[in-house]
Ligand SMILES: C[S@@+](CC[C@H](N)C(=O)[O-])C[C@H]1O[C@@H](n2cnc3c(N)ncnc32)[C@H](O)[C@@H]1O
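Single chain ahead, written as structure tokens, the form predicted on its own.
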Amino acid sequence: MTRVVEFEAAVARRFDDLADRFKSEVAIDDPRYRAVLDRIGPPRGLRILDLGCGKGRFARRLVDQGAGVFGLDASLRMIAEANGIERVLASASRPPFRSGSFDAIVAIESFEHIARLEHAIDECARLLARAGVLIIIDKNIFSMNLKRPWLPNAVVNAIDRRRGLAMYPAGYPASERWFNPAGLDRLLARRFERTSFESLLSHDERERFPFERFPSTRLMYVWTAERPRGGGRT
């Protein structure tokens, strides 16, 4: 447990240090935002948790659509700029909410920073109402690099870590996790009745080889998990 606490503290510290790098707005046609809307349906009246909300850019879009959104993040500097939404400074491994509190949980590029993946999935299942949905959008371990499409992103990231250019430099007490799409789907299936996953085509990847033709080379995937087993209230 001590190692988990240290990992989470290191993640929060890194986001605090790099907060100025992160955007506070997201375009309405962003493929990640559109993917969320496609999977939750009309947001109006839904209770939504933005897990790892950062500066609240996706959460505010959902609030504008009539959803009741609560943002959670472990970085004080990031969440301090998440204006316009209800928010709490907390870890994804210890979310301070009652079981069945939400109709949907959205985790956009936040699972990659979580220390205990299976525990986080269990917590998401606990927090969701019986008919709830979890939407995870994160990085694909098999993706190819946009600037150098002959190189896997995993290789580029490893080089950048050694050069101190990645999110977490080599030797840092935390590291990011990129996902095998099928592997994460299997983990979700432990706690959810229905799961699925598919790639997201970014604006920059459109009409470019190999991204347009081969979905498995794209950077982002979206995982959808519906109806938690042993979930919260209906």
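None of these values were measured; they are calculated from a predicted model. Residue numbers run from 1 along the displayed sequence.
The form predicted in complex with the ligand is left out here; the points below concern that form.
Partner proximity in the model of the complex, defined as non-hydrogen atoms within 4.5 angstroms of the ligand, places exactly one of 46-54, 177-185, 61-69, 198-206 at the interface: 46-54.
For a residue to qualify, one of its non-hydrogen atoms must sit within 4.5 Å of the ligand in the model of the complex; none of L117, I136 and R191 qualifies. Although the partner is absent here, I105 is not a contact residue: none of its heavy atoms lies within 4.5 angstroms of the ligand in the model of the complex. Put simply, N140 is far from the ligand in the model of the complex: not one heavy atom of it is within 4.5 Å.
Contact annotation for F214: none of its heavy atoms lies within 4.5 Å of the ligand in the model of the complex. Contact annotation: A225 falls outside 4.5 Å of the ligand in the model of the complex, judged by heavy atom distances. Residue-level contacts in the model of the complex: of V155, L146, A90, A80, one residue has a heavy atom within 4.5 Å of the ligand, and it is A90.
For the partner-free chain shown, L72, D73, A74, S75, M78 of 59-78 come within 4.5 angstroms of the ligand in the model of the complex, judged by any non-hydrogen atom.
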